[in-house]
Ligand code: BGC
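Here's a solo chain for you in structure tokens, the form predicted on its own.
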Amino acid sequence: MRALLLDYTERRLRLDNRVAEPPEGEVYLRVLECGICGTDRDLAAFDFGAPPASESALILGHEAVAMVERSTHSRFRAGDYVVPSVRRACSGSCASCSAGRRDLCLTGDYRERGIVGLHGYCAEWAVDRAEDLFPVPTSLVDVAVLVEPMSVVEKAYAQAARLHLGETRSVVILGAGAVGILAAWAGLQRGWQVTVVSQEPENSLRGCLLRSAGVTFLNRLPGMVADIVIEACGSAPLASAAIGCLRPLGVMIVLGARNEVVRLPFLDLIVGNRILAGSVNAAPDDFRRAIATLGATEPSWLAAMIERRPLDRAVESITSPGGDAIKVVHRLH
């Protein structure tokens, strides 16, 4: 089968044919599409990640939609459409993993498909356990590749809801990448006032798409206030500055900021009862909410986010991103 391989011996990314024993599983999948994100680019730069034990290469890809080719589990049958989860429980079976919350793993000994310790989905075929798959309706297949990033958004909002003690009326989102835009759609569905702050020009594809939905799109922070701030831009300094946007009792959820040293306004956090929290990965309920949220989102907004390319261009998509595409997706079948 063809697969996008990150070779840790040769320190290079390549598209190649591969014959390998699949991971243990009950459902044999024909992978239809696989999305590319910043995590894949960081992996290709060898910033983090690891291949499966005793192997020298990792198949990338953790945002996928697939069709069931065959299944030994009664939950799925041939022809069903599914989206796989990413993280697998730690070997120590910590309290979180044992409770079905691998996203909250306490040991750090988890594995993640296409990221650390397990092959991903940028390959023509894959195998999974039924419990790691989420069914998607036929009506959502064209945008189902967005389920995984939307699940990250849903977890962030669920976490903010638990932490925020006041009434949520508004959200400021830092960054107009795929996660930032999906966070905007999810915020609109909750009836909130949504503002996205990003460096793109107002007449860019992202700015126009957001404004067409009723989202305020700005290039700067000053003068804004919000009950929730979602950091989805990868900038720790901007996240630090955005704490000043929080109303009393406000909550900031950090999703993508890099490991940078910044100054934090501790007095503002203390006096305003404000909360700064991190979030990563997603729980099963977050995947289910993501599917529901996408199903209720204007289809034209979602379609405008996606640029589809053949698998032959996968290396280019990661090493030379460029262009205006919000979410690059590769077809595998």
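When you see a residue number, it is the position in the sequence shown, counting from 1. All of these numbers come straight from a predicted model, not from anything done at the bench.
Keep in mind that the form predicted in complex with the ligand is not shown, yet the notes after this line are about it.
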Close approach of residue 112 to the ligand in the predicted complex, 4.5 Å, heavy atom: yes
Residue 277: touches the ligand in the predicted complex, heavy atom cutoff 4.5 angstroms: no
Touches the ligand in the predicted complex: residue 266 (any heavy atom, 4.5 Å): no
Contact flag, residue 145 vs the ligand in the predicted complex, heavy atom cut 4.5 Å: no
Candidate spot 48, 62 and 281, all three touching the ligand in the predicted complex (heavy atom, 4.5 Å): yes
68, 37, 305, 44 - the one with a heavy atom within 4.5 Å of the ligand in the predicted complex: 37
The unique member of 210, 86, 194, 239 whose heavy atoms fall within 4.5 Å of the ligand in the predicted complex: 86
Among 145-153, 158-166, 131-139, 226-234, the region lying within 4.5 Å of the ligand in the predicted complex by heavy atom distance: 145-153
